[in-house]
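The chain below stands alone and is given as structure tokens, in the form predicted on its own.
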């Protein structure tokens, strides 16, 4: 499979992470520029059905890397299995979504093969025969174009929201899932996952939310966050915040969006009383539609907003909630 692009899709507990479709879109765009065919693979235990979720995408081949030892995620297991698969298939470029799980095992995988990893990319470009990957630097203040100066395989991860997963091309008919079974020696996996902590059940993965209502300093008091909760509930979304809100303890840290929090790309992003510091913007600029409400007409958030509402959020949001409820009744 020389000069192929391999997309390593991510699944968790039998469910495909939707960011995987964004990575497929990235691969398809690179394929259009370079003429390299796109293949996809999913690793896990008994995951042929999960792999089938991506069968509708326009990829040339689809693989399920399967082993009972991969049923529970471990960095050792996934790195070992993907190492074997890559050695067998010899792709030119390996693309992965920049998720917490990929960040855990991808450096180990690339190092095992003696290759670098270009991580957290926001785009790509071609320069003659060279393929360049764009990364944000210094919390989004600059962008750098990076290329590989080594032989294949090349490894890169794309940031959530860098590409539109809903725009990935679909196949005329579903692809067959090709099973790649692998035996993992017990000595390979050096750690054993325990059951999740009970506290972790309260954690939220905002990267999977279609609608997010985020609050900033303009909310003024902790009790006023209930207003944002009501808006999020009316829209069927999740509540989030800029860093000062989480630093103050008004919302848990897993609700923070920005360079030191989560990077999200929902279909709809409401920014309530958020000024729009670059540290926050880098975490939500991939959102499909951004609606910002701020009484400061010069707020930087308006530069990335699709709809900018200048005014007091306490005057605007309550009637907005009522109108949404009426429309959904």
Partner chain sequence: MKILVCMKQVPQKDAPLKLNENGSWIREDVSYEVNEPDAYALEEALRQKEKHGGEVVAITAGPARASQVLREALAKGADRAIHLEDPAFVTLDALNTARAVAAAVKGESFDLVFTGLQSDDYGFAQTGVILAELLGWPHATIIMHIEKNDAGIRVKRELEAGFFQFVQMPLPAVLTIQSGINKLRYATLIGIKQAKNKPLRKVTMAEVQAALGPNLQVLEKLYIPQKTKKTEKLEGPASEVAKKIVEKLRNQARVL
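Residue numbers count along the first chain shown, from 1. Note that the coordinates shown come from a computational prediction; the quantities given were computed from them, not determined experimentally. If you superpose the two forms and keep the largest set of C-alpha atoms that fall within 1.5 Å, you have the rigid core.
Keep in mind the form predicted in complex with its partner chain is missing from the figure; the text below concerns it.
S.K.: Answer with yes or no whether residue 136 is in contact with its partner chain in the predicted bound form, where contact means some heavy atom within 4.5 Å.
M.R.: Residue-level check for residue 136: yes, a contact with its partner chain.
S.K.: With the partner left out here, check for me: in the predicted bound form, does some heavy atom of residue 69 sit within 4.5 Å of its partner chain?
M.R.: Residue-level check for residue 69: no, no contact with its partner chain.
S.K.: Examine residue 150 and determine whether its closest non-hydrogen atom to its partner chain in the predicted bound form is within 4.5 angstroms.
M.R.: Output for residue 150 is yes: heavy atoms within 4.5 Å of its partner chain.
S.K.: Find out whether any non-hydrogen atom of residue 128 is located within 4.5 angstroms of its partner chain in the predicted bound form, and reply yes or no.
M.R.: No, residue 128 sits far enough from its partner chain in the predicted bound form that none of its heavy atoms falls within 4.5 Å.
S.K.: Using a 4.5 Å heavy atom cut-off, which residue among 224, 92, 259, 207 comes into contact with its partner chain in the predicted bound form?
M.R.: Contact residue from the list: 259.
S.K.: Of 50, 282, 268, 30, which one comes within 4.5 Å of its partner chain in the predicted bound form, counting heavy atoms only?
M.R.: Contact residue from the list: 268.
S.K.: In the predicted bound form, which of the stretches 177-185, 142-150, 84-92, 162-170 has residues with heavy atoms within 4.5 Å of its partner chain?
M.R.: Heavy-atom contact with the partner occurs in 142-150.
S.K.: What residues, if any, in 302-329 have a non-hydrogen atom within 4.5 angstroms of its partner chain in the predicted bound form?
M.R.: Heavy-atom contacts to its partner chain in the predicted bound form: 302, 303, 304, 305, 306, 307, 308, 309, 310, 315, 316, 319, 320, 323, 324, 327, 328.
S.K.: Taking the rigid core as the frame, does residue 40 move its C-alpha by 2 Å or more between this form and the one not shown?
M.R.: False for residue 40: its C-alpha shift is below 2 Å.
S.K.: Quick check: residue 77 between this form and the one not shown - does its CA shift reach 2 Å or more after fitting the rigid core?
M.R.: No, because once the rigid core is superposed, the C-alpha of residue 77 moves less than 2 Å between this form and the one not shown.
S.K.: For residue 321, decide whether the Cα shift between this form and the one not shown is 2 Å or greater, given a superposition on the rigid core.
M.R.: Yes, because once the rigid core is superposed, the C-alpha of residue 321 moves 2 Å or more between this form and the one not shown.
S.K.: Residue 262 and residue 30: their C-alpha distance differs by 3 angstroms or more in the predicted bound form. Do they come closer or move farther apart compared with the shown form?
M.R.: More distant in the predicted bound form, by 3 Å or more.
S.K.: Relative to what we see here, could you say if residue 159 and residue 275 have their Cα atoms closer or farther apart in the predicted bound form, with a change of 3 Å or more?
M.R.: Pair moves closer in the predicted bound form.
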